[in-house]
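One chain comes next, on its own, written out as structure tokens in the form predicted alone.
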Amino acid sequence: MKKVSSGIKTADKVFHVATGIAASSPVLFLLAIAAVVVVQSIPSIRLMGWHFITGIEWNVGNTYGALMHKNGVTAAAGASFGALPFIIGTLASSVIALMIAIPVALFTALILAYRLHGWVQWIVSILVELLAGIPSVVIGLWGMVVLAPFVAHGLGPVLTHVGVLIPYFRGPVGTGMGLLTSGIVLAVMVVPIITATTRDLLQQVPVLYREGGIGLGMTTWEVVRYIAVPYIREGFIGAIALGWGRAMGETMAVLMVSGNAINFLPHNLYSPISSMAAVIASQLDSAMSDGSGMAVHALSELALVLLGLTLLTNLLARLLVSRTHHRRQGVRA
């Protein structure tokens, strides 16, 4: 018995240590990544200051010429780094993606949860989840070959007529490579994430609640509006936050369809753009040739801004969920 008891205690200790390490590893990974990005960003922060956030010009300078010294750091002559076009491109394309994805995902989830049954529901659910597994480069290729020409010759010319009411819709459509195409491609990638999460949440709404609403004479739309959606509100906000984080961090697909614009602010819905993640991917190789290393430090600072925006998005979602939860608890009390 003593041997058995000793073995159980040893296994219990191993279990506690293993679970402790596993539970702390996400925090440790996040801190390690953040620390590396912050340390690598310091020279760029010292060189550019707040102008990095507000500036438009991104110029690595003469990487094969003389070096300049400014604010205690060394950079290539003529180097200047302004991230504003990439910040706006990231936020604008991800917001467009959410505007398209949220209603599509919600209605798809409602159909999967309440309308389809049996093998039909299983097949459609599998297809939605498979869409989330398609590599981003494949979706980017589809965006280049199919979507961009459609935007240039079909959707874009139609939307320009809306420019009478919304000036941002007015202007030349160009090749179709730009903000609108990037937003639609990101929406395709975000929809399955929000849909799968929302479907699972809707299936957790008690059947008695929905049947009670129908028994009171509610229509299907009223049951969804007043019972199902309020019941899953907190989880739905979390699903949107997940989708937004994915949209802001997407790299390859946006790089392929955005037009890869640098030193250029979008002036309409069809303007070429570039996102922070796409710029890091496209500029890193050439940045390595900068003898001063400042180009790499600038990309690190861009990654720091992207990391901060992503964390801020998740924190805002948490606050919204918390406020909604407390409000609901107050109403029940």
Partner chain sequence: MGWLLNRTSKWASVTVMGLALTSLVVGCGTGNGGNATNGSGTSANGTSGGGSSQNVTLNETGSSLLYPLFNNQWVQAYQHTAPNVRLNAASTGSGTGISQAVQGTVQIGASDAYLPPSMLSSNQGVMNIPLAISAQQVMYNLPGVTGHLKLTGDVLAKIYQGQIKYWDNSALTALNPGVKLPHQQIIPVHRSDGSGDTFLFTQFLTDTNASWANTVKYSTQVSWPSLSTGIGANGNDGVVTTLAGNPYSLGYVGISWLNKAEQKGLGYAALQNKAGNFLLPEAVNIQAAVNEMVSQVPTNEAISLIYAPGAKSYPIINFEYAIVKQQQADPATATALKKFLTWAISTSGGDSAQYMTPVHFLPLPTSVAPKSQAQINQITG
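Numbering follows the first chain given and starts at 1. This structure is a prediction, so every number in the text was calculated from the model and none was measured. So that the term is clear: the rigid core is the largest set of C-alpha atoms that superpose within 1.5 Å between two forms.
This protein has a second form, the form predicted in complex with the partner chain, left out of what is shown; the following refers to that one.
Residues with any non-hydrogen atom within 4.5 angstroms of the partner chain in the model of the complex fall in just one of 85 to 93, 119 to 127, 259 to 267, 100 to 108: 259 to 267. A residue is said to contact a partner when one of its heavy atoms sits within 4.5 Å of a partner heavy atom; Gly55 fails this definition for the partner chain in the model of the complex, lying far away. The partner chain in the model of the complex comes within 4.5 Å of no heavy atom belonging to Ser41. Of the heavy atoms in Thr74, none are within 4.5 Å of the partner chain in the model of the complex. Although the partner is absent here, Gly291 is a contact residue: one of its heavy atoms lies within 4.5 angstroms of the partner chain in the model of the complex. Contacts of stretch 52 to 68 with the partner chain in the model of the complex, defined by any heavy atom lying within 4.5 Å, are made by Glu57, Trp58, Asn59, Asn62, Thr63, Tyr64, listed in sequence order. After superposition on the rigid core, displacement of the C-alpha of Ala18 between the shown form and the other one amounts to 2 Å or more.
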